[in-house]
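Taking the form predicted alone, here's one chain by itself in structure tokens.
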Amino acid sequence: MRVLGIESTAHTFGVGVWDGGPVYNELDMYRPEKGGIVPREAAEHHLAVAEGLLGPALEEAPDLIAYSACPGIGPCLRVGRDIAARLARELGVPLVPVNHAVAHLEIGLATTPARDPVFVYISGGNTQIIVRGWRILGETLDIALGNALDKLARELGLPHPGGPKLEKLARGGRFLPLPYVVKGMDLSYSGLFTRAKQLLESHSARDIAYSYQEHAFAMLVEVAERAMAHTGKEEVLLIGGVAQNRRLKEMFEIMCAERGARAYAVPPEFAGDNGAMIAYSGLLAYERGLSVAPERAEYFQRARVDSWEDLFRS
């Protein structure tokens, strides 16, 4: 079955086609001139680039259309929903809503050797420790890891998205003590950011970037290792945009080596938001019997991975 997937939850508008595997996966990212995402501007960006990205994907008609229905930024979700519903109506094919977070989980399993891992979902808006059955074992209590990295990057004058620039800046830095907040299976990054911001006037940007990453990543490794010990699982799978960070992957590899376990990370082309993961996840959801009429297609800014399908089956 040929599935067209449309991703539009935040800064990225992506279009992917899954036909026994990814056969098309293109995207365009909204980049604000300064600061973070402005929802209205991001939605306008998505509308502006949609036709160019959809053209090649529609050269062969899809059998199914999937769209990112939750969670995300309202105006951005609306753009993707409206485009997907229109295409499904015009082409006369089924329409399937997809949970963006679940799509990250499922594309990770499809593109790595991991079979029953502890998932570490790390992106701009999410930081969660998850296991099969989509059970959340731990998560951030405030800001997500990707957002925490971007916030410090903005304070340092680095352009959005700031995480990759912060990673580069951190190389060769010296260690500074910063808040380390783990509460059982959950963690918190707001205090870490506040203290790092306070030190900007008295310490070098490189030292702060290095120390910030070391603390943030160590907290995540601790919680993930505790999840492995609790569940008895022997695999970790990093998913989401922050999974591309080399230092983070190195820290997880060290932890897993000490436990005799295996660490995996989703391939870079599927780590960030993309349409192929929406197409693949849409296929799986359709096989479970989930679809909606175009005129009844909805989107939700908030939805958990463990209960999202109830929103569309009621």
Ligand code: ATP
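All figures in this text were calculated on a predicted structure; none of them were measured in a lab. Residue numbers here begin at 1 and follow the sequence given.
Beyond the structure shown, there is the form predicted in complex with adenosine-5'-triphosphate (ATP), which is absent from this document and is the topic of what follows.
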{"item": "Contact label in the predicted complex: residue 281 to adenosine-5'-triphosphate (ATP), heavy atom within 4.5 Å", "value": "no"}
{"item": "Non-hydrogen atom contact residue 242 with adenosine-5'-triphosphate (ATP) in the predicted complex at 4.5 angstroms", "value": "yes"}
{"item": "Interface membership of residue 147, adenosine-5'-triphosphate (ATP) in the predicted complex, 4.5 Å heavy atom rule", "value": "yes"}
{"item": "Exercise: residue 99 in contact with adenosine-5'-triphosphate (ATP) in the predicted complex, heavy atom 4.5 Å", "value": "no"}
{"item": "Contact residue in the predicted complex, chosen from 94, 75, 173, 125 - any heavy atom within 4.5 Å of adenosine-5'-triphosphate (ATP)", "value": "125"}
{"item": "Listed range touching adenosine-5'-triphosphate (ATP), judged in the predicted complex by heavy atoms within 4.5 Å, from 221-229, 76-84, 148-156, 135-143", "value": "148-156"}
{"item": "Stretch 157-195 - residues with a heavy atom within 4.5 Å of adenosine-5'-triphosphate (ATP) in the predicted complex", "value": "161, 162, 163, 164, 167"}
